[in-house]
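Read the single chain below, which is given as structure tokens and is the form predicted alone.
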């Protein structure tokens, strides 16, 4: 199956395997660019979509990954208060340069360099969640515990 994956999705699949995870990246016929589109394509609830958002740490211009439930809007001020960071917007070219992936397909791991990562505790209420896998059509299924292990992320209230 993985031989049929696009280059970006294949990179994510290889990264997952190298890290010891047996998740299977799937490319779907429908778009997964937004949480709503992903949920419709997968057949799950929007809340089970683990959306990856990239912000810019204004102190050092480094990318910061926030993985949030698809139904939640990230409260940047709340996240800044909890982490001590000052977060700025990250445009499309910044995201691609820093992570190796385009907006709409950014996975929670497998970036060009490891990222400081914060995780939405609301994802912990689900047995199964879904994350992007390198393209706006690629996803993989995982659990909240495996998301934390995969990313090294910290659970922080952000909604």
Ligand code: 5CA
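Positions refer to the first chain, counted from 1. Model, not experiment: these values are computed from the prediction.
Below: the form predicted in complex with the named molecule, not depicted.
Task: Contact of residue 92 with the named molecule in the predicted bound form (heavy atom, 4.5 Å) - done: Although the named molecule is absent here, residue 92 would touch it in the predicted bound form, with heavy atoms inside 4.5 Å.
Open item on the list: My question is simply whether residue 53 lines the interface with the named molecule in the predicted bound form - judged by any non-hydrogen atom within 4.5 Å.
Closed with: Residue 53: contacts the named molecule in the predicted bound form.
Open item on the list: Taking the named molecule as it sits in the predicted bound form, is residue 109 near enough to touch it, meaning that at least one heavy atom pair lies within 4.5 angstroms?
Closed with: Residue 109: no, not in contact with the named molecule in the predicted bound form.
Open item on the list: in the predicted bound form, is there a heavy atom of the named molecule that lies within 4.5 Å of any heavy atom of residue 104, even though the partner is absent here?
Closed with: Within the cut-off, so yes.
Task: Listed range touching the named molecule, judged in the predicted bound form by heavy atoms within 4.5 Å, from 22-30, 109-117, 129-137, 56-64 - done: Every other range fails; the passing one is 129-137.
- [ ] Can you tell me which bits of 18-41 touch the named molecule in the predicted bound form, meaning any heavy atom within 4.5 Å?
- [x] In sequence order, 32, 33, 34, 35, 38 come within 4.5 Å of the partner.
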